[in-house]
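As a starting point, one isolated chain is supplied in structure tokens, in the form predicted on its own.
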């Protein structure tokens, strides 16, 4: 048999990659949700475990907080921008289960019950998320779901819950951790209600062994890999660094039905400069990340609102092709990332990691993008962030020079013509 030509080997490799992508998509959790990265609001980073409503009612984890956030999401353009889940994190529960063994909300902070809260959220055209844990206690010490997976899934479904964030504290052994995540997934599907399943399985597994992402995607709609985000530039940097270092193992599994979750958007809080906020929004879009804000929508600046509701950025995140982006190169404190999009397009992010001095220029050839095909033979280039403007038409051998502020990002969209 004649030796295969280089072109033949490349064609065979493309065919194998296409088959692998189809197999990964087929292996996604079969619950019909999260065809694009879910979007919404989650209380944890901004409101933590605030339980003293008498002393601080506006920042207490209570039904009032979630009703007010739902009202703001419906009336202030968040729902129209695509944010649809209002999510409760830890600390919503009473200290013990009820007489029938069911989870119950704290009666003082949630006097109307979760069903009434879900009804209110649904009346606004939104969906409700709730939190539990694979172990016998949540991370904050409230009752976990261990040995109650089916009962808890049935309870959540009866309340009208649309998303479950399932944490991994107090899990016991690795076998129990995996068994718990699988069992809750099966129990949720068994209810017949479409409930997004948000896991932290690989986060707790990774310190001991390499996660099997093919298996995780069979059971979960999105999954945390790394530490909790905090309201700081150092936290955002650490998440981006971790993602780039591990991109060979995590990027390929992401797609419709299952997504890598780098954690919450903290834009609109206190720790990020404007340029750093632009970087988080741009990079979360590039990474096809679930977009869950953790901020106070009742008191948010117009600039943060504009950034979080930016339709061009959200369209990149929500692109139906469902590809997660990746870092192409790192050079002289610049990083170049790309995300394949539908319609022969690519999103491109140029991140300036330098934290001293002023704006700097980064020049790169368009042949770097899309394995040389992003601008073949010509393309249009549009800047999306930090401001939107058209950069005109270019050919495949053109170079672009991008001026980027320290800790900032310029986000572009390149469309092949």
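Positions refer to the first chain, counted from 1. Please read these numbers as outputs of a predicted model, since none were measured by experiment.
What comes next is about the form predicted together with ligand GLA, which is not displayed.
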Please name which of the stretches 189-197, 106-114, 221-229, 147-155 has residues with heavy atoms lying within 4.5 Å of ligand GLA in the model of the complex. 221-229
My question is simply whether residue 335 lines the interface with ligand GLA in the model of the complex - judged by any non-hydrogen atom within 4.5 Å. no
Residue 47, heavy atom within 4.5 angstroms of ligand GLA in the model of the complex: no
Does at least one non-hydrogen atom of residue 89 fall within 4.5 angstroms of ligand GLA in the model of the complex? yes
Considering non-hydrogen atoms and a 4.5 Å limit, does ligand GLA approach residue 201 in the model of the complex? no
Which listed residue (284, 181, 259, 131) meets the criterion of a heavy atom within 4.5 Å of ligand GLA in the model of the complex? 131
None of 205, 81, 140, 253 but one has a heavy atom within 4.5 Å of ligand GLA in the model of the complex; the exception is 140
When ligand GLA is considered in the model of the complex, the residues of 155-181 having a heavy atom within 4.5 Å of it are 165, 167
